[in-house]
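Single chain ahead, written as structure tokens, the form predicted alone.
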């Protein structure tokens, strides 16, 4: 179905005027080197994300401005000015120094969305160490894989989450200290490696001489999934803050008096790039909500805090749509002037629904963990073509390539690629340099997505070029799920695919063959699901399981996910010449 273009508002209707006034001029003239001058470099190419996001503001009129207002699940509210956030993160930097953490060490954070998560992340960056935020819903296997691969020296967690991963801690030879954030004052057995966050912070100094890191020094590590092997660590450098700053200013249109709310968890890249560094480098006040999705609560947050700019995910928007058009009308959401979405393609109906139900359309944008910041976007000064990813950010040069990496004309489907060299481009896959190099061809970064570009320069997502599953914005590698499935005592073989779903884009479906002595049943299905959910996370377990006598394999024994998917969706099976007899 074709949808009418949503026309950009007339200038008199936009209050305030958007930061990006003339897109075409910006595309012609703006250079990254010019954007970088907006930030406060130390000189000699030295820059530190934590300084740009927080400390520089305490030398300006923003010193006592709110950096964030935090609301806990129980309704508790805490407020931090930029000055208070600077002092608190200084204290944590000093705590890490007493624990022997040095520049380049990995410090992983496994916490709920509490203030200590943000304080510890900034403190870690201040000493030149590398942060690794982990999604709090991860199970022990998912945590173990990431800590083991990264060689993390310190883990910051809570009593509740520590208990969940207790059994894997002894399998982590590089892990020297576990910092326990004990907000509720529980009785906790610290053990040999345990450190009490509250006690250490009480004794730590508020003064700290921030490490003046080089722009290419590693700063952030997020793990992302692939089709084969364990998740790989995507590493970003301190220069990435240039991209965070610029896109927050011109895509999210963040301005001095905005109240901004990003619903993403910092365990995912959106929650760091746009839940920490982008808005704070622009000196903007954020709302941080500890809880998960709740339609009434979300509308209440917008009303109560007078949120002006909102960044959320397509799955969340589709879930809000299920609650109907009448619910948002019960809340005063007139403060909201701009809304964006990311994580998966935003269907046209959701863009239209935003305009009719909450008064403004959602502006979709596209980027990846590897890109570090938004690459293609819809802007407030341009018409929206519902369903489109939008147009390239100034300084970003995408193209559609064929299988030989030659550019294709408008209207052609092919590989979405980006000219390498923007500030927030990832610098490596941790300990997987060959894999990193394989993502670049003839100066192009090959994204792994398929897309097309129309005659007006708008890009349209077509699908993944590999088997990675996008479920509610979380990229899940089938190999990781298959590996957990076959650890179940009943499972002999497993193949995993993504199955289209109207709410979360794709659900994980597993095809399983059982060991001798086990019989298919609903009870066994549920037991297998619980097993995987506990080991990995609530985002990575199979919502559907189908038992098969055997799985289609090549003669070399490789399970053919492509064939499983084709048969599930009624698609052509393609070449089956390598199928075993």
Ligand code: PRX
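Numbering follows the first chain given and starts at 1. None of the values given here were measured: they were computed from a predicted structure.
One more form of this protein should be noted, the form predicted in complex with the named molecule, which is absent from this view; the next part is about it.
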{"item": "Partner-facing stretch of 361-369, 332-340, 124-132, 72-80, counted where any non-hydrogen atom is within 4.5 angstroms of the named molecule in the model of the complex", "value": "361-369"}
{"item": "Candidate spot 270, 464 and 475, all three touching the named molecule in the model of the complex (heavy atom, 4.5 Å)", "value": "yes"}
{"item": "In the model of the complex, the residue from 382, 483, 224, 94 that sits within 4.5 Å of the named molecule by heavy atoms", "value": "224"}
{"item": "Listed residue that, although the named molecule is not shown, lies within 4.5 Å of it in the model of the complex (heavy atoms), from 312, 150, 470, 255", "value": "470"}
{"item": "Exercise: residue 345 in contact with the named molecule in the model of the complex, heavy atom 4.5 Å", "value": "yes"}
{"item": "Contact flag, residue 501 vs the named molecule in the model of the complex, heavy atom cut 4.5 Å", "value": "no"}
{"item": "Any non-hydrogen atom of residue 389 within 4.5 angstroms of the named molecule in the model of the complex", "value": "yes"}
{"item": "Interface membership of residue 84, the named molecule in the model of the complex, 4.5 Å heavy atom rule", "value": "no"}
{"item": "In the model of the complex, residues of 430-453 near the named molecule [heavy atom within 4.5 Å]", "value": "449"}
